[in-house]
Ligand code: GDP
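Below sits a lone chain in structure tokens, taken as the form predicted alone.
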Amino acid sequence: MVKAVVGANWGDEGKGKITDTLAEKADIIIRFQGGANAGHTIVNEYGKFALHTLPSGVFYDHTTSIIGNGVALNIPILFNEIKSIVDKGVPMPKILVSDRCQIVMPYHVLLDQYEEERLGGKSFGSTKSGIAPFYSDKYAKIGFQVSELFDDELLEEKVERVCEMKNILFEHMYKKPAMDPKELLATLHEYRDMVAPYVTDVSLFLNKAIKEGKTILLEGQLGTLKDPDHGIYPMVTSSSTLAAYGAIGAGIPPYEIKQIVTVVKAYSSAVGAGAFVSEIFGDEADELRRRGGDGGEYGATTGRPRRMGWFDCVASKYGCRLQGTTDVAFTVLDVLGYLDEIPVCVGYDVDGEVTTEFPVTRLLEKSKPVLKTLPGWKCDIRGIKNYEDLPENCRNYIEFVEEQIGYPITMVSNGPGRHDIIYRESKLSK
């Protein structure tokens, strides 16, 4: 059975923790899109980890972790990450890398930095990980597939050709030093030697695993609202963040995806620029940020303070719809225990008209939140295992959100650990 774990919102919803939890009963975990530009925070018996490229199921010795063809693969970052977990006592994971996966080149990272510098105040809030230049080159058909590392003649010719093209940008647009093709080729030979033991035909491997009835998790990065087609364009990422893309980014048929677990936070947070209707500021935001997540709401990759907001029913309903949600995992609920009252965004006021449907970006920019306030539960809910044992106001909050978004909340996370999960039956479950 194939399951996808994806985000409903701006990313940072807690997908890593949910993947880590579900991986206990899975055989294979696949990253199917994105690169090292966003991280997943995992807390387990080995410690606390921020993963950027490795799938979040990498801590179990019975699982195989796969880098799918849809990933922007930064080879040194992957291998530094493997070393960092092994150094902390995690057993060496079983890892496979798709031969069709494409490589984040050193010049992609430089181009990302130079372009953000050039744009100044009009920048896209990039993490400067080379993601937009990488995907631009992929679709311009001048990217480097992992498989090409093993063809010396092809590689040398392509490096010469691409350097010639990129050096025009480096020298004339950005006024930076030109690249030396020989140096780049030597770097790619190093990459080849690092990745060689792990490269395989991942699509074929998965085809066999599906026939054998293995449990496969597709792990997405970021969330619906960062999708280049359906998100808050142009303040989006450069690869599709939707579960549907999991089939493409892993190389499996779309009909094999049977369960789509969409992760939704009990409040809102976002890293980077872009429309964020339920955003809060000042002391109110600082307090939520300080208490949020495990050790505060700061980006796992960038360390940037996340922008904070109340739960957004409009954005979350839209996010779940686009993902094709079968189950909602509702995370960091324990964080809200300090509040007397909890505002929830139930609609958007766009030029005096209230809507509960998520609009296009130009209307989003002028939307104001319509808030409804619910009573808080004023206690610590960590350690509770049964839904019925949650305070009444806490259950009311979950059920109100579920009714507003229209998708079944079947998992509630009330702490950072992999077993801090409450499973519940939902009236909305099919």
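Residue numbers run from 1 along the displayed sequence. Just so it is clear, the model here is predicted, and its values are computed rather than measured.
Absent from the display: the form predicted together with ligand GDP. The rest refers to it.
Asks: May I ask whether Lys3, Ala23 and Asn207 each come within 4.5 Å of ligand GDP in the predicted complex, counting any non-hydrogen atom?
Replies: Not a single listed residue reaches ligand GDP in the predicted complex, so no.
Asks: So if I measure heavy atom distances to ligand GDP in the predicted complex, which of the stretches 400-408, 358-366, 39-47, 383-391 falls within 4.5 Å?
Replies: Looking at the partner contacts, the answer comes out as 39-47.
Asks: Does ligand GDP come within 4.5 Å of any heavy atom of Thr262 in the predicted complex?
Replies: Heavy-atom contact with ligand GDP at 4.5 Å: absent for Thr262.
Asks: May I ask you to check whether Val335 falls inside a 4.5 Å heavy atom distance of ligand GDP in the predicted complex?
Replies: Yes, Val335 lies within 4.5 Å of ligand GDP in the predicted complex.
Asks: So in the predicted complex, does any heavy atom of Arg306 sit within 4.5 Å of ligand GDP?
Replies: The answer is yes: Arg306 has a heavy atom within 4.5 Å of ligand GDP.
Asks: At 4.5 Å between heavy atoms, is Thr331 in contact with ligand GDP in the predicted complex?
Replies: Output for Thr331 is yes: heavy atoms within 4.5 Å of ligand GDP.
Asks: If you look in the predicted complex, which residues in 405-422 sit within 4.5 Å of ligand GDP (heavy atoms)?
Replies: Sequence-ordered list: Ser413, Asn414, Gly415, Pro416.
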